[in-house]
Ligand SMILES: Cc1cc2nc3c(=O)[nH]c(=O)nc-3n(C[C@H](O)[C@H](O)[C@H](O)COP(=O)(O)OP(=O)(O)OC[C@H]3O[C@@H](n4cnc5c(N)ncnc54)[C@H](O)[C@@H]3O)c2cc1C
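Just one chain is shown here, as structure tokens, and it is the form predicted alone.
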């Protein structure tokens, strides 16, 4: 066995780590550990000079292992692995100790934090001694792409990919393309015609020879992996088998049902409508009550189902600017109307939205503030002498008074919710979901369109509430990622996967039942389990449940993990005794 020569690099991360951890002391301490040839500290190890320092030391000191003590591996593990490659070292001869999230950000005692950092780095050093070189694997990419959802995000992604000369299968469960955006009249804050915009995009899609549109179609199941996916869909009574290399999920959103909020009497009082229903009025060119009268008093209530722990904690982002749009459109259509905007907080975010708020406030619109958690407005039927159809009662925060507001038409700015198909499609595509059933991206900052399932991307409001510009931007980003993989022809896949020792496998198939990626099959002839290394993500579930210990997770072997624990405990005890 070759001599183990380890280089250790402790990052300051500016003040993120150095403020709570004595990084210089950590470097000096770990340099005395067995097999450590050199230990350094540097302000930003992830920077180009920091990486150059590692590369230089690998060559100068003949290092064959590297430990970086810095931030989360989720952020920069790949960065440092590439640095090792540039130096001619196998990228898996690397280990990262997280002393930012696990130490400096969660402690307030600098001495204790420094001791803990030393223990974590010692654990990483012990582990990396047992790392093995792993060879890269790659798969060929089928140049076709499946896009699930025919809203503005799906349409945009389809056109981007198709215009590059690649085949697209655009699947939409309803009878027409356009999605949620097609139900809107004008965009906010600049009042462009949504109908004209969407119609032009749809015409381009329908006339593009590289796009096959499948309406009234759902994806029931998928098989395969990055570069080689397969599904069968039914269209016009016949089954079609589709083969493609990448998937973009753009299923959009649904509107919150406000009938569960008793205060607002939705479904009971006929002239309490949702924002989506009001959009229908605007598209029809008529702002009127159910019995055909022009309303003299129009109230708009914000945050219906949003920013309230009883329904949804999150902000739906679109409501405030759309509410301001409605105030302007009502003022233009009914100049003499009394318009009331009832809000908890005004969050008019985005280009031109604050300006829209300023303009609206000068158009004789009354803004009234309520408490989202302790005092939602309450709507009741007006009496015969009230000279209006409804009365809205609320504790107005700005004045500190209990007031009554007349209304003939009430518009509820309903929350954006995850699509009703989201959970089912998450299971079909292998995409993770957050607690609100939106799809989770691989990394919120560094990889906002990819998912933890290779080859599957998300765009638009299925990932979080978004307006049209953000949805279009994300769709184009997802399309760019897909075109990048197609242009390469083949892409590298994860190598830290599970492998089966056939001599020890008893054929119980427990691993098959627990694998979340359906990466394991059973070889009837040999009576052993077989891992598809392309589908496997190295999660370790199979290895932990195997009763005979026949499954070994590469790069996470028992020896590596136990050595890491030993290193942690040994250093912790040593520091405690000192």
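Only a predicted model underlies this, so the values are computations on that prediction, with no experimental measurement involved. Residue numbers count along the first chain shown, from 1.
Beyond the structure shown, there is the form predicted in complex with this ligand, which is absent from this document and is the topic of what follows.
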property	result
Heavy atom within 4.5 Å of this ligand in the predicted complex - the one residue of 142, 263, 195, 217 that qualifies	217
71, 128, 394, 148 - the one with a heavy atom within 4.5 Å of this ligand in the predicted complex	148
Contact test, all of 297, 338 and 376, partner this ligand in the predicted complex, heavy atom 4.5 Å	no
Contact test in the predicted complex: residue 90 vs this ligand, heavy atoms, 4.5 Å	no
Proximity of residue 187 to this ligand in the predicted complex, heavy atoms at 4.5 Å	yes
Any non-hydrogen atom of residue 246 within 4.5 angstroms of this ligand in the predicted complex	no
Residue contact check: residue 276 to this ligand in the predicted complex, 4.5 Å heavy atom	yes
Candidate stretches 413 to 421, 92 to 100, 79 to 87, 429 to 437 - the one whose heavy atoms come within 4.5 Å of this ligand in the predicted complex	413 to 421
Residues in 157 to 176 close to this ligand in the predicted complex, defined by a heavy atom within 4.5 Å, in order	171, 172, 173, 174
